[in-house]
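Let's start with one chain on its own, the form predicted on its own, as structure tokens.
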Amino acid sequence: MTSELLRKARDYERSCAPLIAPQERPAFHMTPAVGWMNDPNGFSVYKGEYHLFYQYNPYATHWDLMHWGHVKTRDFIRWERLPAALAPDMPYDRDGCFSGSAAELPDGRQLLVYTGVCQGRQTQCAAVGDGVDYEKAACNPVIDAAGLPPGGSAQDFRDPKVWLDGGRYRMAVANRQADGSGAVLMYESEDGLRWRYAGMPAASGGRLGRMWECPDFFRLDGKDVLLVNPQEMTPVGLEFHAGNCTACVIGTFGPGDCHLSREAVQAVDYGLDFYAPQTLETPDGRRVMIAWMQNWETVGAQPAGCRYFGEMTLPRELSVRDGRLIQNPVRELERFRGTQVLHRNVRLSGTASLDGVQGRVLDMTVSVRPAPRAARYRSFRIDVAADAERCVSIRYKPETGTVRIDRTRSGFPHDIVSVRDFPVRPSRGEIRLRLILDRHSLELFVNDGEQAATAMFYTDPLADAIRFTAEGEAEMDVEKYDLIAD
């Protein structure tokens, strides 16, 4: 049964979404129908299609009274809008339907699990439906404070990630512990509705931020991988910045003691706008991740007059290589490439532009190395979305082994965080940079996915120049494709 609150949200998005012209949106990145969007939810396979839900306030471009928006796709690139899926219309979720996930049940229905919020208390709830309409479970909440281990907080108990594992369902849920730091709790169920506590596979212990949000847990390339989003993070070198981050823990999970033994910890994205990633496994065995392409520190810096706010990253294929999480854009993106523009062995000293290399919706790979018979160059920079006054810059310094993203001159009328430095593996000045531009976003992939860095910007759309600068002498190859929507 569709409640009055859900019907109102569906009517509003149906009437207002068509008023937003396609050129106001990115060409390939998913955006909300209207209003505000944050965390991805319920990223899953259902009846042969990929479904994505999201935290959603249809009525304004700021966070408030969370609903679940809903889209689906067959190729991760072209998204079909579906009616809003959940509204905060029950006593246990009247203050918001917070983040969660989805799975397909054996009887062909789709299970949604989410956090219901009421008077500051957070519980885990379920809804079941047909891919469009969902009925909240009569037994909600399916996990409440009685299901917490000793010391667990009922006020910070959220973001369930559910998956099927060997005939039973598992659920990872974020929780704050008695010492004030974050942890991931695990639960088990035979039917997705009746859950029992299984253990605590990982906890911060005050060493990796405070509260952990939006956990994801999966096996990949022989390793167990946990994604978490620490709050109140203190900087750790150039690996983790202050505030809200996304961390990847790689190790080995023991189901007997429900413990993840850590082997490596790294940042997931080293840029300015990335949070709350969620993954799915495709029918052909790929692990694909999507995330909110924003951050909580800068969400107030919105373009004047915007009628929606929030984008998702391009979905990314994940792997584990040499103990690191590797990520690259889904291969489906290559189907939307236009004509190739290729420049090889371009010798660069100072600043130059190249014929056919410009634009705001493109896929470009730049390989840089020291010029033959020349000393190692001191720095290399790419300016994109550029005109005489504005640009977004990517700079590499071989001596320090760092890459910098700088959006200081990119159109923000506010004093926000605009610069981020991060380390890349040592080399003799050789680096490979893949840039995906989509009107107002940049996704950068370094050395075939060893690092990724994401940033939003609001430079005027007419600023479409691309410039290359070397301090010293460098040699580069540039392969560029415009991305063309159907």
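The shown structure was predicted, so the numbers you read here are calculated from the model rather than taken from an experiment. Note that residue numbering begins at 1 and tracks the sequence as displayed.
Here the subject shifts to the form predicted together with a small molecule, a form of this protein not shown in this document.
The partner is not drawn, yet in the model of the complex one stretch among 418-426, 38-46, 448-456, 431-439 has residues with heavy atoms inside 4.5 Å of the small molecule: 38-46.
Contact annotation: D93 falls outside 4.5 Å of the small molecule in the model of the complex, judged by heavy atom distances. Proximity of E213 to the small molecule in the model of the complex falls within the 4.5 Å heavy atom cutoff. In the model of the complex, W163 stays away from the small molecule, with no heavy atom inside 4.5 Å. F98 belongs to the set of residues with a heavy atom inside 4.5 Å of the small molecule in the model of the complex. Between the small molecule and the residues Y197, W79, W296, F412, the one pair within 4.5 Å by heavy atoms in the model of the complex involves W296.
This chain is displayed alone, yet in the model of the complex one of F336, F309, Y275, Y134 has a heavy atom within 4.5 Å of the small molecule; that residue is Y275.
Using a 4.5 Å heavy atom cutoff, none of F240, T246 and A267 lies near the small molecule in the model of the complex.
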